[in-house]
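Shown next as structure tokens: one chain only, the form predicted on its own.
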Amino acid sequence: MLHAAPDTAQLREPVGTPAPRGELSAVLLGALSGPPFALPADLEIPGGDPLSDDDLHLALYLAYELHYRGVPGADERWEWDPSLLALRARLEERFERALVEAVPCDDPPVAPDEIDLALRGVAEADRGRSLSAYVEREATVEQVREFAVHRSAYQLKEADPHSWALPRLSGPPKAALVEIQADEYGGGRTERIHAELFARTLDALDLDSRYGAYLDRVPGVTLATVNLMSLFGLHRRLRGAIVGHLALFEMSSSVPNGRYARGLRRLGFGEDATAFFDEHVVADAVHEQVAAVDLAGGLVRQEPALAGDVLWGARVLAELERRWGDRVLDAWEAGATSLRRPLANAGA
């Protein structure tokens, strides 16, 4: 009997348990492999930079991942274990405190009908060196492959963190978010889901497109950009911040994605590699108005007190993306890998 070829989406389940990056992630990985028990309340939180520390952000990423696709080999009952949630809260407190120190919540009051203009100001602010311009004009094939590995930490679950906001919104902003997310999830077509399009990019670059395949390779500064979305999305009190994050994401995406596509074409890659980026050039040009006016503006019209949170969420996104981009460019300009370990062979 002949069997149909398997759906590639079904082959991209989470793979591999990451290696620990310090004492805390070692304890957490060891615990997750067995049934839940009470984690010690005095586990030491890593003392490195809370915006990039490898041990802290791997531990926080694992705690969040229990709410997404799960951690390979982990007992799924850990998801709502009180002691793990208490540890996660301590990690979040350290992370959030550092975010506030880096990006103070000091925006002046903004009227609901001006929030889109304020977000535009954040989107157009000069942030120094441009990673997308470098990829467009100078990046080598190996550097483009590294870039894709960094981005895989989020793009293979694109839109999921922002979807946590759906049950926290109502009326016009909820409708606006549904409109955006429907496109992110392919409008009901599996092959058009943005995460699936990015998996095609990975395949075209001779990389592993399975979910989580490169978790061991990406540094803490990359995981911080992913953890930021989960922090905002999983806390109702931060609903303004996740809306601001998504609004800026959509407003500042078209130009960089166009550059990434042109960089891939410059290196000889075809439609399989560029489809993800080409899609975002078109989709985000439409989404930016919906996100700024209907989503962010709609939320602030309902709850004017959240205007500052919306702008803070946008500014924090910009700051963490700047730090990540600088880390990658510093490494490339020094002739080094931007990953924790270089990519050796094809698909490595």
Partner chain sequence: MPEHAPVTITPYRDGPLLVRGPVQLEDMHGNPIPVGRETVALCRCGKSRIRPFCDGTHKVVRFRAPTGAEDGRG
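Positions refer to the first chain, counted from 1. Remember, it's a predicted structure, so these values are computed and weren't measured experimentally.
Not on display, but discussed next: the form predicted together with the partner chain.
> Please pick, from 85, 100, 166, 117, the one residue with any non-hydrogen atom lying within 4.5 angstroms of the partner chain in the predicted bound form.
Spelling it out, the residue with a heavy atom inside the cut-off is 117.
> Which pick from 209, 254, 143, 274 sits with a heavy atom within 4.5 Å of the partner chain in the predicted bound form?
The option sitting close enough to the partner is 254.
> Partner absent here, but in the predicted bound form, which of 309-317, 51-59, 283-291, 24-32 has residues with a heavy atom within 4.5 Å of the partner chain?
The contacting stretch here is 283-291.
> Taking heavy atoms only, is residue 124 within 4.5 angstroms of the partner chain in the predicted bound form?
Yes, residue 124 sits close enough to the partner chain in the predicted bound form that at least one of its heavy atoms falls within 4.5 Å.
> Considering non-hydrogen atoms and a 4.5 Å limit, does the partner chain approach residue 236 in the predicted bound form?
No.
> Can you tell me whether residue 79 touches the partner chain? I mean in the predicted bound form, with a 4.5 angstroms heavy atom cut-off.
Residue 79: no, not in contact with the partner chain in the predicted bound form.
> Does at least one non-hydrogen atom of residue 179 fall within 4.5 angstroms of the partner chain in the predicted bound form?
Because a heavy atom of residue 179 falls inside 4.5 Å of the partner chain in the predicted bound form, the answer is yes.
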